[in-house]
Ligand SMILES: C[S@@+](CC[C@H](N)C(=O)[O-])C[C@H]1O[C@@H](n2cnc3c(N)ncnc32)[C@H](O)[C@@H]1O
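Read the single chain below, which is given as structure tokens and is the form predicted alone.
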């Protein structure tokens, strides 16, 4: 009996994972996902997470980025939010919810009691198999994160958000430049070569 296309795709993914140096490294070092190394690289380049940072991790599950942040932040605060559940991480407050709902925005404000230093988003839309559509949907999330971050960050705050290289890349770039004084793009080595993902690093809000 022939294997289904879904089974073949699943097996191919498993093979890639086991050949992946970052996947293996995450298992050895106890990180929850290979994505941890993306944040490690981004922070090494831009140096925005400090001991006393107030940090919000959007779409945090399974917790790879929150885990990295918790190793650095010892005097600040970390709030992680996702629609999916996430196993506890020491010194990290986790909340299940939609980050774009008003009640969650209120929760963020109450937790930090003021503005934040850093907003992280490694969110991507669920894949459909249509790369162009997936890119558009993920970049739409990025634009929503850009707008949200401009409301909750301190004047010198930092946003790091995933986006995909695609036909609407320029629109996202222009929005970022309209909100922030410094806008950079960076693709970590931990991102797979075939992936269209890159990361937006924004710093210092413009006066609105």
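Here the structure is a predicted model, which is why all the values come from computation and not from measurement. Residue numbers count along the first chain shown, from 1.
One more form of this protein exists, namely the form predicted in complex with this ligand; it is left out here, but the text below deals with it.
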| item | value |
| --- | --- |
| Touches this ligand in the predicted complex: residue 124 (any heavy atom, 4.5 Å) | yes |
| 4.5 Å heavy atom contact, residue 35 to this ligand in the predicted complex | yes |
| In the predicted complex, residue 61 touching this ligand (heavy atom, 4.5 Å) | yes |
| Touches this ligand in the predicted complex: residue 72 (any heavy atom, 4.5 Å) | no |
| Position in contact with this ligand when the complex is considered in the predicted complex, options 103, 84, 90, 87, heavy atoms within 4.5 Å | 84 |
| Contact stretch among 64-72, 164-172, 46-54, 149-157 - heavy atom within 4.5 Å of this ligand in the predicted complex | 64-72 |
